[in-house]
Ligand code: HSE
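Below you'll find only one chain, the form predicted alone, shown as structure tokens.
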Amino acid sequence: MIRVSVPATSANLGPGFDCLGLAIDMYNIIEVEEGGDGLCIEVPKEDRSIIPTDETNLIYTSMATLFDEVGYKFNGLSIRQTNNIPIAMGLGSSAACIVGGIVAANYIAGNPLDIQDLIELSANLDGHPDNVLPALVGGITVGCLHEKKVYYSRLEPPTDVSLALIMPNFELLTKRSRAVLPKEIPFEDGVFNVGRAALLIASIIDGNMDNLAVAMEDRLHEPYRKELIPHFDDVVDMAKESGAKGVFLSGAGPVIVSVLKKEDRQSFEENINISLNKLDGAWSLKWADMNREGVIVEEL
């Protein structure tokens, strides 16, 4: 039996739509054993109404894709899925299933694919690399999918930064969040985002957190998606007033991420909780750090 630990991820980081992402120290755990007859999938009791336990399960379909790719014939599979990444919250729960399935299947098949192969297979299954890439390699990643090939760079995350995950009491499906996006954008919005994305990457490299308030601004997706998230502008303003260096919508949402120095955590928590209490319990705070290792495989 093997255990695969896959970190949560946050995509876009504001202006880097479908290309920027970071790994978070929150993990889904997948335990897989080959043998026996047929397919057995176990999921937590509270998730059984939303996660299939048959051949449509995303972990299994991802494993089957890799097995087909490398020509590996398996006997039977037992899969146990433990979900610590909230579903439909913009923290890469689907990408974690894809990455976990791909990595588990590759290990079972004798590791015929290298990391680049795994990145490209995962990105093509997910449709873009912003979540699967940091889940695989950890850190902060910049990736582009071109003709089924992924070109990417990985940046080492800063050590003095904390992530405040401001979490609502409702879910938002990625399909719905993508449906509100326009088919075309004004030219000036494209120029706006190019500048912010470039500034964001440069600021991560040189460690200038004072740029983040501007560098994490976005005009491609957040202005449209925030209409699906009650109190979005209020929460963003509260986070900035509480001391956040930068604030952005995590992936398709609805989680809002605040970036701040670790030394400011206590004052931020005190101030943001006072503000969030005015929203009648609709939002809560969870702390996280950036993950550096990416996916981990252990043989049990």
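Remember, it's a predicted structure, so these values are computed and weren't measured experimentally. Numbers for residues come from their place in the sequence shown, where the first is 1.
There is also a form predicted in complex with ligand HSE; it is not shown, and the following applies to it.
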Q: Considering only heavy atoms, tell me if M26 and ligand HSE come within 4.5 Å of each other in the predicted complex.
A: no
Q | 4.5 Å heavy atom contact, A11 to ligand HSE in the predicted complex | A | yes
Q | 4.5 angstroms heavy atom contact with ligand HSE in the predicted complex for R219 | A | no
(Q) Would you classify R80 as touching ligand HSE in the predicted complex, given a 4.5 Å non-hydrogen atom cut-off? (A) no
Q: Consider the chain as shown here, without its partner, and state which of V247, A252, V235, V43 has a heavy atom within 4.5 Å of ligand HSE in the predicted complex.
A: A252
Q) Exactly one of T174, S162, N208, N124 has a non-hydrogen atom within 4.5 Å of ligand HSE in the predicted complex; which residue is it? A) T174
Q.
Can you tell me which of 100 to 108, 164 to 172, 125 to 133, 197 to 205 lies within 4.5 Å of ligand HSE in the predicted complex, counting heavy atoms only?
A. 125 to 133
Q. Even though the chain is shown alone, can you say which residues of 224 to 247 have a heavy atom within 4.5 Å of ligand HSE in the predicted complex?
A. R225
